[in-house]
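A single chain, nothing else alongside it, follows as structure tokens in the form predicted on its own.
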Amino acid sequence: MNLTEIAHFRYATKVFDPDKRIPDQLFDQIKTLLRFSPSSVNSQPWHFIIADSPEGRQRLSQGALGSYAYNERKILDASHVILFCAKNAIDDEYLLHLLDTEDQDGRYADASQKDLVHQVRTMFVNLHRFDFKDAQHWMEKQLYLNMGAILLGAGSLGVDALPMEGIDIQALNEEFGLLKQGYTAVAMVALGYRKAGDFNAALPKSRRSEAEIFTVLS
């Protein structure tokens, strides 16, 4: 499929077939996308909880009770579910950890280049920490970049997906002890294969027109 075909193929899947499982070799590619998604200044302020078993999905479904019960069946019937978690803070120690990891991966030819990257990244991060005071919101933005990569990547593999913000963040933070680990739950993506009869699969896509959303400079 080309990108146009993928854009039309993928949709917010409302009913998953519980009898169909994503092959391991395909989900390994999705995990690669999770790791290698771009983020501002390579900040990677994320952690992912992956449920690929009935027991794991049952734990994640604790975030879909009460007011969020409309998402419970989707979590339980999907093949795999990913809980996207963002860091609660980004401090100097973490920035040094990023720098050392990049160094070990061979990104720096010499010490001066490494120092420059650290200075620039620290300056940019500190804008959000101390000037804009929106570090948490900024880190969650990076998480949504990752989520977009997953939705497009899954579609390219013929895998259906559903992003979910309708989840109980507090319940999931408690279920997995996330706050103590320095993270907070943000959103989920359920992945699998659509079940025949999913009403949303048959509906035409509706998007604003090109004339309304594009300004082309010439």
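Just so we're clear, the structure is a prediction, and the values are computed from it rather than from any experiment. Residue indices: 1-based, along the sequence shown.
Just so you know, the form predicted together with another copy of the chain exists too; it's not on screen, but the next bit is about it.
Q: Flag Ala51 as yes or no: does it have a non-hydrogen atom within 4.5 angstroms of any non-hydrogen atom of another copy of the chain in the predicted complex?
A: The answer is yes: Ala51 has a heavy atom within 4.5 Å of another copy of the chain.
(Q) Residue-level contact is defined here as any heavy atom of the residue lying within 4.5 Å of another copy of the chain in the predicted complex; does Gln44 satisfy this criterion? (A) Yes.
(Q) Given that another copy of the chain is not shown alongside this chain, does Tyr144 nevertheless sit within 4.5 Å of it in the predicted complex, heavy atom to heavy atom? (A) Although another copy of the chain is absent here, Tyr144 would touch it in the predicted complex, with heavy atoms inside 4.5 Å.
(Q) Is Leu33 near another copy of the chain? Define near as a heavy atom within 4.5 Å, in the predicted complex. (A) Yes - in the predicted complex, heavy atoms of Leu33 and another copy of the chain come within 4.5 Å of each other.
Q) What residues, if any, in 194-218 have a non-hydrogen atom within 4.5 angstroms of another copy of the chain in the predicted complex? A) Residues within 4.5 Å: Asn200, Leu203, Pro204, Lys205, Ser206, Arg207, Arg208, Ser209, Glu210, Glu212, Ile213, Phe214, Thr215, Val216, Leu217, Ser218.
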